[in-house]
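To begin, one chain is listed below as structure tokens, in the form predicted alone.
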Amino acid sequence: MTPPDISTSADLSAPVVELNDVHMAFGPVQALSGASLTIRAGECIGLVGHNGAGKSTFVNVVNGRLTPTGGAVSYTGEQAPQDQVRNSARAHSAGIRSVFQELSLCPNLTVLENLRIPYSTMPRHRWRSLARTTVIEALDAVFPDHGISAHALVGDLSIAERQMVEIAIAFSKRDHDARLVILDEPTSSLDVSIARQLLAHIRRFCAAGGAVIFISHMLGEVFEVASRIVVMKDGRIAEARETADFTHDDLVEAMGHVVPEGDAAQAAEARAELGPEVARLPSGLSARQGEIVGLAGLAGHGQAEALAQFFLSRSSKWRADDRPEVVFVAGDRARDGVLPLWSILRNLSLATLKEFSRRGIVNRTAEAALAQDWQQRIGIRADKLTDPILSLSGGNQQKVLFARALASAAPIVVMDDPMRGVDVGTKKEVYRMIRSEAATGRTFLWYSTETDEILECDRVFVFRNGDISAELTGADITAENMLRASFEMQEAAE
């Protein structure tokens, strides 16, 4: 596999983007304050910070989607004077590309048709053949053995496959070569093996003269791929140092805390006396009252389908119950979780409306009190709960979905990779909440692509090709055992 040929047109030490004292205000809200940073060819910037720290605003200024209210942004390689084009056009001509946490592919188009949208200079005649070749070459370069057809309808792909397609399109060769690729939580839906393919491609891309901004709450990946780490806090650049100058503890301390730690040790020790079996699926997966059951294995091997089957079997009624049997936390929030036209308050209270309604009339005072309580408990960063849900960062939207589920009275919580894009501080608080809720007898069925989350479970079922390849408990719940079980069924069949 040959790395991208960028070095022929780029000085490996030349700046790609320079921000000089940049400010970004939305009315009275100062989202970015005094940001100054130079991003050079050949480097990977690890951009970290808690949800709401200003990372999204920062990258939207870099990629031209936002025009700063103060300061200046300059690009090397742009092909038009700054005063003659919009910021987005300047960034595009300079080779700035972005992959957002909220994926932007058109679900009603095929993979190759989605490539056609940003490829503005693609020939009109026989463009499908060129688009197919381009997108497959990009997928092959980033994700070998991906198995994705260029003619596949994007809406039929899994969320992991959609993320792979969007990443590949960002790195693809087209009218302007990619000089800086911004990746926002790019591995959040990818299993470990596919994520490692992406990290390897990032290293090749930067070695060839490209630059990457890598945004992730998975700090291990940041340390692995970044040459420099930039820490954002409250709309400011708090730290910017070479990766080697940070330790894990230094980085967490620089990010600061956004939620109270609580008595995490006490919650971790809390264990419920497990009650009777409350869930059993045809696949063999089962759970008892008060148990935290994890679903592990490579992405796309039947975990999400098993959870959906169970959830629908317990909730497919036309009328809401006063006490629902099960509640769902979606990982693909855009498709399965967030109601985009509603406020933060309405999204959060949706699963509990029946509990404080009488004769179809909602007690708005009780609804507001519940939402304010959970805003504080889980650290939702919002000025007003009546603001639109889409005004929040992706991680804060996910917190709303978590609060919606945990605020309900449902005894079983189904979680489909629920902490995509959630910061490390909030994750620890959510782990504590889950353990505390399980100690009172609540049951959790938890699928995650993050090994650290599965290690929090009492029992783990490893899936392979839609079947359970292993059941792990106690000291047997290790990353090594899960990885071995993810592949052993395939090896036995060969």
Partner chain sequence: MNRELMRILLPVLSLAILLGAVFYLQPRAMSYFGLNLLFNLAIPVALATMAQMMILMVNDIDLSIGTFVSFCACVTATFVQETPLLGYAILLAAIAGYAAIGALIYVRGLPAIVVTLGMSFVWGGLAVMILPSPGGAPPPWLRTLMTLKPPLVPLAIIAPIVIALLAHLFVKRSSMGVLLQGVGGNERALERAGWSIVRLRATAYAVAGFFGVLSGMALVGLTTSADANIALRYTLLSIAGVILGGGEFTGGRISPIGAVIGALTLTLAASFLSFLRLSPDWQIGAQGAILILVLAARLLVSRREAAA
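Remember, predicted model here, so these are calculated numbers, not experimental data. Numbering follows the first chain given and starts at 1.
Keep in mind that the form predicted together with the partner chain is not shown, yet the notes after this line are about it.
- When contacts are judged by a 4.5 Å heavy atom cut-off, E221 does not count as touching the partner chain in the predicted complex.
- The closest heavy atom approach of T365 to the partner chain in the predicted complex falls outside 4.5 Å.
- At the 4.5 Å threshold, heavy atoms of N108 reach the partner chain in the predicted complex.
- For the chain shown alone, E325 is not a contact residue for the partner chain in the predicted complex, no non-hydrogen atom being within 4.5 angstroms.
- Within 4.5 Å of the partner chain in the predicted complex, a heavy atom is found for every one of F100, S120 and D156.
- Annotated contact segment (heavy atom within 4.5 Å of the partner chain in the predicted complex): 112-120, selected among 190-198, 225-233, 112-120, 245-253.
- Out of the listed residues R204, H146, R288, R128, R128 is the one that sits within 4.5 Å of the partner chain in the predicted complex by at least one heavy atom.
- Contact with the partner chain in the predicted complex, judged by any heavy atom within 4.5 Å, is made by just one of S104, S391, S74, Q372: S104.
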